[in-house]
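Here we start with a single chain on its own, the form predicted alone, put down as structure tokens.
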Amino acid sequence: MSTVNDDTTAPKSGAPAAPTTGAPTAPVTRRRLLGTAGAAGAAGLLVGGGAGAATAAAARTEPTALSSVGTGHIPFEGARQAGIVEPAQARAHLVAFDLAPGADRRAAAGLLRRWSDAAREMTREGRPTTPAAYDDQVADDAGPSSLTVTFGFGRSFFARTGLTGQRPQALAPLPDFPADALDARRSNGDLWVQIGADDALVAFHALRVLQKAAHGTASVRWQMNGFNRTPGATARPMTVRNLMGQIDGTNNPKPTDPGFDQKVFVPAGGSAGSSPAWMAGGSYAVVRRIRMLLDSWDHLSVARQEKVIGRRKSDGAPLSGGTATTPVNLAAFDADNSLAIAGDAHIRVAAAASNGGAAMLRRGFSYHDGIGSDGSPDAGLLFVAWQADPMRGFVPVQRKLDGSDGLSRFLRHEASGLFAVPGGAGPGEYVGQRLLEG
């Protein structure tokens, strides 16, 4: 259930000079802000505690040049889609669409082109945030804010578009897991979109643009909204905590690890017997809505919580010793000759060594959808796992977790989906073009 989200360095702070009373103020536009961002650098405007209430109020209403958060730019174009290996952003929308009745392969190609063109413009550095045809001005004056938009195809998409011959074997339905409590209305879908940004309005704007561009061709099947810690919220970059308070994602695979690409991405030319050539450079996303039973979890002592996870809650270090980045020693024993990492501890059961080397890149978001009818929080993890083949990545690990993980008593899997996410688009191309025009 881990994620891979590391915070970025906190912006430097400095107090601005107080504005001159009555001085004219030039209108602030997004282009002007982008132009001044370089001069402003990563500096933010913070008001010191002794500045006085009047000065604080004035500073809050004065326009602030784009900080490092706003200027964050992740290109849309490339051999691989953005939103897979990049650190997960502060805000996210995960959305599944179903094609409208009668929408065929040609209609789907038109939709993917509109979506790709819109994403290309919204993520472009120093350009207007949206094509004029879809402009609602929600994100006016904001920078790209590390916006990424990632597109994928569900299993049902191929039958609806007459492309069953191109459907990857790796996109087979996920098996039923005994502890699942899945809501079919919030699972699967013809198309899947992952939107991430470090600004909530930028993320919402991207969602609205794509939804309007889909009008008449596809409609929303389900939507889930997530969040992570905002960049700069901690004194130094560090792995985030989940809603159980645990540092989560320490052992996530890194792009610099040997064999990372082979575990996460489909190789050039496709994968024999699993993925066709149009999936080269792509990946498979398993999406799970995992509710955390926080009221039950919070009744445990910290020591018991640490035993369930296998890590110290304070700093994320494994109970086998060391720091958060120390490799877990599954063979370590305590002074009383008991296993330092309990037999049903989450990090033991989820370890690649316990699953025949199966691995996946986890890139999730927390969610909180209010209080349920039973008075408990409807909150947890929007789990997104990336792998070259889910039958060799997610499935064996989840089978092991479902039957042996002590943490499973405090979790409920409520929705699920599996999507084929093709490689990226080059200049003038759209995502999925090799499939839809091949």
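Throughout, we count residues from 1 along the sequence that is shown. Treat the numbers as computed from the prediction; the structure is a model and nothing was measured.
This next part talks about the form predicted in complex with a small molecule, which is not shown.
Using a 4.5 angstroms limit between non-hydrogen atoms, Val209 is distant from the small molecule in the model of the complex.
Using a 4.5 angstroms threshold between heavy atoms, Ser116 stays clear of the small molecule in the model of the complex. Although the partner is absent here, His413 lies within 4.5 Å of the small molecule in the model of the complex, judged by heavy atoms.
The closest heavy atom approach of Leu401 to the small molecule in the model of the complex falls within 4.5 Å.
Annotated contact segment (heavy atom within 4.5 Å of the small molecule in the model of the complex): 248-256, selected among 275-283, 117-125, 248-256, 73-81. Heavy atoms of no residue among Arg186, Trp192 and Trp222 are located within 4.5 Å of the small molecule in the model of the complex.
Ile309 is the sole member of Ile309, Ala92, Val264, Ala108 with a non-hydrogen atom within 4.5 Å of the small molecule in the model of the complex. Interface residue among Val149, Ala203, Ile347, Ala96, judged by heavy atoms within 4.5 Å of the small molecule in the model of the complex: Ile347.
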